[in-house]
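First, one chain by itself in structure tokens, the form predicted alone.
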């Protein structure tokens, strides 16, 4: 893959070598994400953040990643805050915004909308989530996290075991992650959901076609008994026709410390793309796991900075210049007490 000037719209764009390239660059971003060093390699560059759906982690981590490379961020949040509320097309919006930006990140509720936007853009576009379709950078940071967590126990991305739990029908993070897993070997995947919220069959077929062992079930406890990774997801209530329909499934697969301790192997890693639904009626990932060493959800969010910094550096062709524009930090913080 030629990263310079490319759009990042789908995980289907990536070969295994491309992923390894992204991860190598992400590793090199560690001192900057940790604030051990500062780089200004993207000084003067502008990121346009277009988020037409609610977002906390994705929007802020895209912005923080660009800032940490020395760039500037401009944002539009919500359709009502944009000219789209006045009937402006994706084409016109893309043509205008790409004149103000050097790269654009976009989230939109309609499947395929980001690709339509990118077709009109004059600068690279990164998909921050398009409906229930894909979320490629989340899948990359999830896979990067899995790689790091497995490596701590002497394992690799080939021949590991993962259980994905929750709303697998609407969850774009698990859709994209499954597609990436097709590039690796002998992955044992257990898909845990109510039958009505099962992983789309086309994705299951792709996993099996490359030789992965796939189990489909609605039983939580037995599914987490012999896996390396437990990947929990929330009920995607915004994808349902009504709140009442979403409420039928909320709280069906709750993971807490007691269940985890009883059924999971000691080194099993707990992941979640966030936000987790901590309301009492849902609570799919209990707060009593917050201090558990196996809980990797905040390591995931930290890894998101590394992966998104790597993508920006690759798209703008500066991955080999980052250190050239580096210096030591000059402020004092709890993170970096200089």
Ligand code: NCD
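Positions refer to the first chain, counted from 1. This is a predicted model, so every value here is computed, not measured.
As for the form predicted in complex with the ligand, it is not shown, yet the points below apply to it.
Contact with the ligand in the predicted complex, judged by any heavy atom within 4.5 Å, is made by just one of 295, 28, 282, 274: 274. Distance criterion of 4.5 Å from any heavy atom to the ligand in the predicted complex singles out 234 from the list 212, 169, 234, 147.
Contact annotation: residue 57 falls within 4.5 Å of the ligand in the predicted complex, judged by heavy atom distances.
Although the partner is absent here, residue 193 is not a contact residue: none of its heavy atoms lies within 4.5 angstroms of the ligand in the predicted complex. Shown alone here, residue 108 lies farther than 4.5 Å from the ligand in the predicted complex, counting heavy atoms only. Proximity of residue 173 to the ligand in the predicted complex: non-hydrogen atoms within 4.5 Å are present. Considering the ligand in the predicted complex, the lone stretch of 148-156, 87-95, 110-118, 131-139 in range is 131-139 [heavy atom distance within 4.5 Å].
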